[in-house]
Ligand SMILES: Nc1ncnc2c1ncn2[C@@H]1O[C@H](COP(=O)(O)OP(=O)(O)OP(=O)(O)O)[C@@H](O)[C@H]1O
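Quick heads-up: it's one chain on its own, the form predicted alone, in structure tokens.
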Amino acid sequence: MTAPRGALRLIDVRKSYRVGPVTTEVLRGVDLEIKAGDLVSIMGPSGSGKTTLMNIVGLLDRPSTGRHVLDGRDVSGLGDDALSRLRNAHVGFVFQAFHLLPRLTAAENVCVPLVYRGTGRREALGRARAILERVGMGERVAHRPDQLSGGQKQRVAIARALVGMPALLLADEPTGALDTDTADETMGLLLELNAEQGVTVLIITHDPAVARRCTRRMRIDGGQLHEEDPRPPGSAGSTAPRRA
């Protein structure tokens, strides 16, 4: 039976880096299961392994040991080219710093993942305009990044992440560079996409307010990942944190 798109598992994942004679273990036996359509937040202090974990989930990095299963397929042993193709087809990324190309319009920025797939320019621009319309940027398709506000840049970045119809959306501090009102709007858009489009969303955040809006909340510390009980402490049936 084929797993639904957006489902993933990490099984006893460890990640170490070696600099000279010193080896640093960043992830220490992480087990993680995310089901298709989940809305998950991961919090943790600086240096806890959040970014390393996101890079492994998003196929930007490999674990030192352990297994990575995406949509029912073990991708642990794939080569770089195969991982790149899989990442382009299955994963969308949203970053705190937007990472928009300054000389391109909003529509052209959104087209970038499709260009790497070999999609023709006319089709790519048509799809980019359609997704920009969906995220409320239909009147800004010809604007360059320096002509957009922070919130508008993030909406373009979300459109770029979604244009390839990914099953999994990874957001690394997506509200970190935004004011409170704009951050709330951005988070609302991510929740809407999860609820209405069924996109699996994983958010790395320092903001407890962002984490509280997710249906599953996790914390990483010292390279180990635990899932927090979504119910308030002391409520009926609440339990201690458990392994994710």
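Since the structure is predicted, the reported quantities are computational estimates derived from the model, not experimental observations. The first residue of the shown sequence is 1; numbering continues from there.
Not on display, but discussed next: the form predicted in complex with this ligand.
Contact annotation: L32 falls outside 4.5 Å of this ligand in the predicted complex, judged by heavy atom distances. Among residues of the shown chain, G47 is one whose heavy atoms approach this ligand to within 4.5 Å in the predicted complex. This ligand in the predicted complex comes within 4.5 Å of a heavy atom belonging to V26.
For R216, no non-hydrogen atom is located within 4.5 Å of this ligand in the predicted complex, even though that partner is not displayed. Proximity to this ligand in the predicted complex, taken as heavy atoms within 4.5 Å, picks out 51-59 from the listed stretches 51-59, 175-183, 190-198, 32-40. The single residue of 187-211 lying near this ligand in the predicted complex is H206, the criterion being any heavy atom within 4.5 Å.
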